[in-house]
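Next up: a single chain in structure tokens, the form predicted alone.
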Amino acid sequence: MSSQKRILVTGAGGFIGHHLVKRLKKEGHWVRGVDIKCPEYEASAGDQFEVLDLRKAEACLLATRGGIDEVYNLAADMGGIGYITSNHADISRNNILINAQMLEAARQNGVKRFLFSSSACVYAQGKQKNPEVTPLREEDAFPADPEPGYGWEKLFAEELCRYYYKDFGFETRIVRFHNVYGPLGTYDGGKEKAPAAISRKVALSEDGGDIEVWGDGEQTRSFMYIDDCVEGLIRIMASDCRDALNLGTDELVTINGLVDIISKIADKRLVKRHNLTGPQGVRGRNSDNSMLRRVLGWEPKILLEQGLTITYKWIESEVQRSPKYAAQMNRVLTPAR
């Protein structure tokens, strides 16, 4: 088909990248997926999937070979709040290497357009001190005071994208993710995000039992379902906007509220046990979608409870099948006598 493109998705062994590859294939494109690991839960839908370490320049040149039209650069060393607050040096080093070398390899190999996946962690911490946070606009990243490690390296890579357009005319797009969740994502091991971690904990809890919550649970966030994320990525790539764009919902919820929603979906009554020493991140974060609506005429639309219902049921089924959790699930699923 004449509209078919040759597209590279890095990070295609991860959550967002895996879903993006499936969507691009459904639209009829030729897709190469690259990651340091294979997808965990199902095989990649891509035409090619290559295991490469993109911290190495030669691997980036190999990934972008062969007349690639567009690169979605989603590869990153990242995880939930516990992981990113405990591994500043590793995360910063790994991601700086990936992003700088992927940009240069894409330019050298004649890629037409490059999308960089940034994060809401770039926003100034001083503007996120209250749970009733004012939704963050793109300009709120400056004066710079991002989260240590992960936030700083993302903000630097955004600037690098701008330099590549200014100096070389290389077309780049920048998206700032706000907490993406959904099925086929990591739900244990330390790199999972809050919706997945809470879903796992709820699935493993008995009705009437308790559940650990990091902090007092009054910290707030907005969460975006994976289908909205993929739709937004494709629209941003096709847009004429070279500035960073928020990609998230503006449906603000406390972590306590998130626990309540998932407990309701699971039809369980649980007592929250707050661990005040657990990592919490900023006090409040929400997405201002004004610029996204203006540029795309679109914004994420899937409501939190709708997306969490799908996500919880998938995680519950995974936990039930896992030998790692067999004993706990047997206790939860066996009625008391």
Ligand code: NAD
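One rule holds for the numbers: they count along the sequence shown, beginning at 1. In this text, all values refer to a predicted model and were calculated from it rather than measured experimentally.
The same protein also exists as the form predicted in complex with nicotinamide-adenine-dinucleotide; that form is not shown, yet it is the one meant from here on.
Comparing 258-266, 206-214, 177-185, 128-136 against nicotinamide-adenine-dinucleotide in the predicted complex, the single stretch with non-hydrogen atoms within 4.5 angstroms of it is 177-185. Just one of Asp140, Asp250, Asp77, Glu147 comes within 4.5 Å of nicotinamide-adenine-dinucleotide in the predicted complex, counting any heavy atom, and that one is Asp77. Checked against nicotinamide-adenine-dinucleotide in the predicted complex, the residues Arg65, Arg283, Arg55, Lys272 give one hit for a heavy atom within 4.5 Å, which is Arg55. Contact between Lys193 and nicotinamide-adenine-dinucleotide in the predicted complex is found at the 4.5 Å heavy atom cutoff. In the predicted complex, nicotinamide-adenine-dinucleotide lies farther than 4.5 Å from every heavy atom of Thr172.
Residue contact with nicotinamide-adenine-dinucleotide in the predicted complex: Ser118 places a heavy atom within 4.5 Å of it. In the predicted complex, at least one heavy atom of Ile16 sits within 4.5 Å of nicotinamide-adenine-dinucleotide.
No residue in the set Ile7, Gly33 and Lys112 has a non-hydrogen atom no more than 4.5 Å from nicotinamide-adenine-dinucleotide in the predicted complex.
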